[in-house]
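Heads up, what comes next is one protein chain in two forms, each shown on its own as structure tokens, labelled structure 1 and structure 2.
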Structure 1
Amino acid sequence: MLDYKLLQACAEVIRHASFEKAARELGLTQSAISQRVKLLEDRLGQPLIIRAKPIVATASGKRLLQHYQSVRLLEHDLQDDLPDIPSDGGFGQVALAVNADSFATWFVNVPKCLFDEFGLLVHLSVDDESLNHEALLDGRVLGAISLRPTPMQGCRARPLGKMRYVMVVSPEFQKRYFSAGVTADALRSCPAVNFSHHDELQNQYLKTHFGLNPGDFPAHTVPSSQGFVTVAEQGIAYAVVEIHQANDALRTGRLVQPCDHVIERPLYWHHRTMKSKLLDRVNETILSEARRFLPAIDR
């Protein structure tokens, strides 16, 4: 059988991409961690970690990390049935990859549900699509939110619902720039707000509805979903945001919708196909939270 002490050391180095952080996490010295990884590599007869900056896992290293995460899941189920087995500080752990707009809207109560109901510590990473899929494939996360409808190998993709994006502005901004309505000409001379992962979305919005190409309109850059709403409320840009982010401000009149165009984005929950009570619970929590907020995807 594998030596799980060694495997744990190796998995934590890969997860943190750092010997130092893995050492801290496990309460060991860096040299102890390093020895364990070396020993495991010797026993398996192949390198598991490429010692570059940043540290990268080899294909074998990634595969081992996956295996390690699966074993942890099974252990968690076991603790459920045999509650006397001690777990880390009394809590289980689950790592999830989320897109920024979900994190800023319907996803907000998921960590609370997982902690309150199942005693889980939640480790979120908020990255772009392709990095989220990579994290799922590598076994660094148990599940990932994504716009892709098709599952990857060994995974399942389940519909979460549609995010709906609308244009919002402050009443003053509307008066100043959109007094004759939202037209291509008006959009050429007032600032939008870009967010790297929003660009594609906003570009499609302005192209589809107004025939504008990127470069045709001026824009600020603010890499934060929350920041988007803030600059719109401050009246220095129009913003294309997920409707839930603007609900409060629309209700109180701090923001208005200067036009009725909507862009929809279907969202999917990707997770490994494996038997685990913990995974089932996480899946149920996320699917039910999504359905509370998001309209269903059209068939």
Structure 2
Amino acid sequence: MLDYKLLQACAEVIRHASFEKAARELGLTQSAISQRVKLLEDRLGQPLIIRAKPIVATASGKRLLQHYQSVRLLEHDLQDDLPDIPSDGGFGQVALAVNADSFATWFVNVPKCLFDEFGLLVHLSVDDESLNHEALLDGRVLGAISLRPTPMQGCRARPLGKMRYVMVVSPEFQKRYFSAGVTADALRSCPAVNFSHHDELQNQYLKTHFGLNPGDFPAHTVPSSQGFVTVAEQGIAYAVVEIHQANDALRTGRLVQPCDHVIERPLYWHHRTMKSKLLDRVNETILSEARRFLPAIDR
């Protein structure tokens, strides 16, 4: 039988990629966390984490993390069904992976809903939606936003809706660089703002509508969805942003759309297929929030 105190310590080390952060999370010393992980590895006869910087889980460690997260959800379900069972008095927890643009817009109220309605502490991993499936496959999260319509192994995929992206600039920027319209030549001579050095969405937008490739245009790098809007408002770049992020600035005239081109990205919610009432409620909360804001994906 697994010792769940040892498993909890290992799971927190994997989730935080750090012995120190896991120790703070559990209110233990770093030495105690290290001893628990080592004892679990000795009992199972195999390594569970690779002690590098950052720490990463082995295949066995990932599998145990998935098991631990599943058990925590099932314990929460059992507490609902059998309220006389003694409880540790703590909050439930759920780990989810989202993309930055979703978290800045339609997803922003999800943690509040999950805490207010179900008493859940939400641990979010925020990454590009093309990469979130890795967190789900690794067992670090129970659900993830992805661009993939096909479910991953052991998961179910459900449509969330489409995020719509437009180009925005300040009025001053438009006058300075786009007085004759937005053209490939104009874009080569003025700065964009990229989320990262490989901004897939921006590259797709500029390639689709203007035939530009990465490296054909100068760009700032600002790894923040809200930072995109701020940089555009400051008049130092054009930005391709999710329409909800720019609505207020567009209404007040702080930003304008210099062209009508739009790019849409369909998003899907992937989650573990397991019998858990709590996970079902988490999934329905997320789907409900998405339906309130996002247009449906075309059939």
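Throughout, residue numbering runs from 1 along the sequence of structure 1. Between two forms, the rigid core is defined as the largest C-alpha subset superposing within 1.5 Å. Keep in mind the model is a prediction, meaning the values are calculated, not measured.
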Quiz prompt | Answer for which single form is the form predicted on its own | solution = 2
Self-check item: Shift of His271 between structure 1 and structure 2 at or above 2 Å (CA, core fit)
Solution: no
Quiz item: C-alpha of Leu40: shift of 2 angstroms or more between structure 1 and structure 2, rigid core aligned?
Solution: yes
Exercise. Would you say whether Glu289 is displaced between structure 1 and structure 2, judging by a C-alpha shift of 2 Å or more on the superposed rigid core?
Key: no
Practice problem: Check the Cα of Lys53 between structure 1 and structure 2 on a core superposition and give its shift in Å. | Solution: 4.1
